[in-house]
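Each of two forms of one protein chain follows alone as structure tokens, named structure 1 and structure 2.
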Structure 1
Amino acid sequence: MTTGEKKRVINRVKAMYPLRAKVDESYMRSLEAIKAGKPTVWAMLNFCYGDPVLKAMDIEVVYPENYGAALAAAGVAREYLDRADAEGFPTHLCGYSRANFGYAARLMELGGQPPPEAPMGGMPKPLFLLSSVAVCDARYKWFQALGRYLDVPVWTLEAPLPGIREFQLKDCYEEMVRLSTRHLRDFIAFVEKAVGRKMDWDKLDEIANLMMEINRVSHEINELRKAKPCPMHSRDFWSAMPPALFLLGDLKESLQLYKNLYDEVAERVKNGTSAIPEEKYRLVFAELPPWHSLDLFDRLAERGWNFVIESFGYHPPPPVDLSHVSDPIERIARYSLQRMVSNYKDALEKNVVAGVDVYIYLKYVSEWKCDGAFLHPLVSCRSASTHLPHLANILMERLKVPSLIVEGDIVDLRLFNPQDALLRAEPFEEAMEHYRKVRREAGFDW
């Protein structure tokens, strides 16, 4: 099913393109590195925690979560999913993980050589696996289960997640820091043994600082998007985020590219340039976008829907001054915890006890002045879906902002029907109009 002619409506930010290009570049580079026999690690997206360590140790990293998406997009996931079924993995498990089981089974069948049909050259046999307790059970149980195929160890990065109220207890934060710091130190010792090299601490220090700086600029760019009309659409955010999210390629270069992006967006704000022809509605998007149907956003842009903020999981931790922390490990730990911790106090003040992933959208909606939320629960990902019904309730209750819920999936791409989403656009516009009035009457300023 198509969503009509492929007319581009969104006014893309030019400085985004070089950042987007870094993704392909990094795949190419990683392919070459792998051919040259450089140690490669499979890692979960780990939110500024393990990545700087791997980077400082000059280790190639591939991300099976992303690769799962790539397999789906290339239309070859089916075969791997079937394979995972045959291996006895229950079918309700995260689709990315199941595609990866199938892939690993095939990889080992071929003696560790990436299968010829694998897109982008495939992922080579790793030296070790780096999983993370953050976000969902799948993200560490999956790597543990890969032990059936890969005789390599798994390091599981801890990700403390106390409750919003419990965080206020004495020592809670310092205990989190202690856990993370000690854990990272052990991790480094493990990596050193695995690659047979010592950590270059100066390099780690530099990388940690660059990482924070990149994320600071990236954070500032998003702040600019509060402008009316919004100068940068969610699609640009998604396109530009990977270098920061995964620390791709040369960090100094990335920093410059983000600065360029900042300048262009700032220029747009100054000139009142909008990301879409006429901004009638400002929306927030949660969580993972329908990668395969992105032109839906062009169709919605035609109707005046501007997506001004999105996907909490992909956003950088807000900047924090950690210059007084001399130990780079502790600095990395504290910065990484910042992603959740920086919101705890506000969440408690606003009495949102259901966690940061709910609170943050209240913040987004009220600060970016959204008229509506587009929620995209996924059939085979519990994590990006579970909080959405509650989120819809709380946005309505607290801010009088309605939500449009359209179901989809990460692997079974057929489950998202853009036509359906478009059919619901018309009534949803009425709802957004209605609540604009309601908000005004209730004294809100948008």
Structure 2
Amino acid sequence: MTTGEKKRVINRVKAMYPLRAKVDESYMRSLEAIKAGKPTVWAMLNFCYGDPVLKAMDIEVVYPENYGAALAAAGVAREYLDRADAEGFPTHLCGYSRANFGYAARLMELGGQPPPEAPMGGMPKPLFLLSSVAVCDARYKWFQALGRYLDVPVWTLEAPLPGIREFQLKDCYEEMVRLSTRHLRDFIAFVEKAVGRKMDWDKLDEIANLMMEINRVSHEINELRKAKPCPMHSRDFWSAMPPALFLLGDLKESLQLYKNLYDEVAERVKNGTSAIPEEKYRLVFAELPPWHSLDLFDRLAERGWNFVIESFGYHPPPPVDLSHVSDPIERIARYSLQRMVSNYKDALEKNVVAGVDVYIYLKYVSEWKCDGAFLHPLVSCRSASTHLPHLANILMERLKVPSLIVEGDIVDLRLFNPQDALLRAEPFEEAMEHYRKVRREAGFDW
């Protein structure tokens, strides 16, 4: 450890590191693909909807959202954010998109060659852009603007997602599956034309099954984290989740790596091994983390804060048996939809109809036995922020669990103050202690 370097307090799970390495590997593979004359695509996070198609067509994929996080974590996002400002994009736009606009401007300034200063070799110029309308309201306009910089086609994946009440309408689910299946077939035709070859349907079938199995194991890992003390901190989850969320690299290898992670976490549960030296408080984190300031969690770990569950959008759905669905396109459509609607029925029964992204945290807090919630509203992301004040209210109203709300940003360090968060830790601990007593008196089991 170098002089002045802060000691890492979190007991990292060793099996996480090979999964984390797949992020760097994905960027290297995309650069190698370009050199070998193979296509590379920039894609929006699409929750395993379009990704299996690209994998089956042997297309290397990089994800500008993930790369925005990588720029922030490497501490080099500022120059790309400044470039986006100079290009005329407003500062209240998504931090991922602003970093991406700055990067794209720099890329094209260099004739389509990745900037030499870019972390992990950068993102090469894509064959086309795969956008998505799921969740984020800036998504398709973001990639539309990128298409103008890069002068490449843009395909936007439709992602039908009704509200909780609307979902109860007769045949709603099946109609969404039919719409998604038709749309995926259109997308395949587009990709076949772009790369000049036909789909390998057997390979797509295999990838769809591997995708679901990887996410099943990932789900089971998070179930293990209900143990006290929690064996795996949110930092390890965030490091290990990209191969499942983005289907990075060889999927058979990824599946084995997740099985290794499961085995190590299970062994920790068996031995009572904690992710931090002393678990005094168990917390849930929502939504997107401050990628530029992850050492904040080491400082909170010193105080006994163990982050045991996090960020609904990053988590796979509970396992679902789709073995009866012979068409891989329909299987993919059903699985991708299931990621979003798997908790709709429970949310309706619990009368939490403002949004499943509120209900799910009631489930997390009660099942993972959390003492508090760390809520991170973002200056530049409405979709990951607007529900958080309501979430704080409903956690207190229904579960007597307090929330610490710390405003910030996913990419722009100038919009986040970790020192302020640390100063607020001690009074929040007093609140968590108080509401432990309140819950006991109210008959809760934690």
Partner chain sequence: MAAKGLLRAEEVYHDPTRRVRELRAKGKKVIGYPCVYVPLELLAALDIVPYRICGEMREPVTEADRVLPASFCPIMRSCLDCSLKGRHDFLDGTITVHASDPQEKTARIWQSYTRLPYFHFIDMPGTTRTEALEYFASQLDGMVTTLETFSGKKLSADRLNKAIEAYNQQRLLVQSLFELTKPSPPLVSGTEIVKVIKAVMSLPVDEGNQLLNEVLEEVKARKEKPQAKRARLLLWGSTTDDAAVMSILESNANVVFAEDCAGYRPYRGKVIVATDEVMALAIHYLLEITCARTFVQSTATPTKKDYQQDLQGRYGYLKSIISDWKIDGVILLLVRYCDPFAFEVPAVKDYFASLGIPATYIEYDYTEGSLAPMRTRVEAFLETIG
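Structure 1's sequence is the ruler for residue numbers, which start at 1. For clarity, a rigid core is taken as the largest C-alpha set superposing within 1.5 Å between two forms. This structure is a prediction, so every number in the text was calculated from the model and none was measured.
Looking at the two shown chains, say which is the form predicted alone. Form predicted alone: structure 2.
Taking the rigid core as the superposition reference, indicate whether the CA of residue 286 shifts 2 angstroms or more between structure 1 and structure 2. Comparing forms between structure 1 and structure 2, the residue 286 CA shifts below 2 Å.
I want to check residue 233: does it shift between structure 1 and structure 2 by 2 Å or more at the Cα, with the core superposed? Superposed on the core, residue 233 moves its C-alpha less than 2 Å between structure 1 and structure 2.
With a threshold of 2 Å on the C-alpha, tell me if residue 306 counts as moved between structure 1 and structure 2 once the core is superposed. The answer is no, as the C-alpha of residue 306 shifts between structure 1 and structure 2 by less than 2 Å after core alignment.
Core-aligned, what does the C-alpha of residue 77 shift between structure 1 and structure 2, expressed in angstrom? Shift of residue 77 at C-alpha, rigid core superposed: 4.4 Å.
Distance moved by the residue 100 C-alpha between structure 1 and structure 2 (core-aligned, Å): A shift of 2.8 Å at the C-alpha.
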